[in-house]
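Only one chain is included here, represented as structure tokens and corresponding to the form predicted on its own.
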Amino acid sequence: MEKNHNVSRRQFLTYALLGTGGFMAAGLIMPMVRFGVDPILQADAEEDMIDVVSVDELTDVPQAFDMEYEQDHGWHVEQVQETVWIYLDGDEVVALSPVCTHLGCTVNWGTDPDNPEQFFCPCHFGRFERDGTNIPGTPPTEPLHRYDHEVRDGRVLLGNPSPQV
């Protein structure tokens, strides 16, 4: 005797709702799992340091140096080039981000004829002291960000920029 394998309408709707609900639950859970696991898979911070310049090339006047690194976006790797301002303050190496903290324009050293010993942002006339401190009364509300750095074998290695607070 042959069995009847027909699916009732009630069974079909149950299976369809279970499948749709499972798909939606996976869509919600996968980003949370990725968020929790991703920091474990990151490389050490020490490996993220980028060799930029020899200490012998530095002076007490801020100089612009280019640094290149690969940035992994997950689906592709991009070659990124950034500029950083580096100078010697006594024996200490100071590395400042060229990004204005007002609206993100690029600051330059000594380009304002009225204030040649300051960083100047040409977009909104923001000014910063040599150590990156913002000048009161100008648009920027916080100092230029400083790069984490270390000197190894006479070379300056830079990490990520962080706010000076």
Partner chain sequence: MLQRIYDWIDDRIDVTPLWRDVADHEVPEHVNPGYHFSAFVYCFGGLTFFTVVIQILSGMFLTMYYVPDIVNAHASVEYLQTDVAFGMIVRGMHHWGASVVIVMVFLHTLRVFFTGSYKKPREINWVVGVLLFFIILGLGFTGYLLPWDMKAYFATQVGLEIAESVPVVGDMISNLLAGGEFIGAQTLTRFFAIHVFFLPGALLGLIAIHFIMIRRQGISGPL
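Numbering follows the first chain given and starts at 1. The model shown is predicted, which means the values in this text are computed figures rather than measured ones.
The protein also exists as the form predicted in complex with the partner chain; that form is not presented, and the subsequent description refers to it.
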query: 4.5 angstroms heavy atom contact with the partner chain in the model of the complex for H124; finding: no
query: The partner chain contact at D66 in the model of the complex, heavy atom, 4.5 Å; finding: no
query: Any non-hydrogen atom of G74 within 4.5 angstroms of the partner chain in the model of the complex; finding: yes
query: M30: touches the partner chain in the model of the complex, heavy atom cutoff 4.5 angstroms; finding: yes
query: In the model of the complex, the one of D51, E57, D38, E129 near the partner chain [non-hydrogen atom within 4.5 angstroms]; finding: D38
query: Stretch in contact in the model of the complex with the partner chain, which is absent here, among 22-30, 103-111, 131-139, 57-65 (heavy atoms within 4.5 Å); finding: 22-30
query: Neighbours of the partner chain in the model of the complex among 52-72 [non-hydrogen atom within 4.5 angstroms]; finding: none
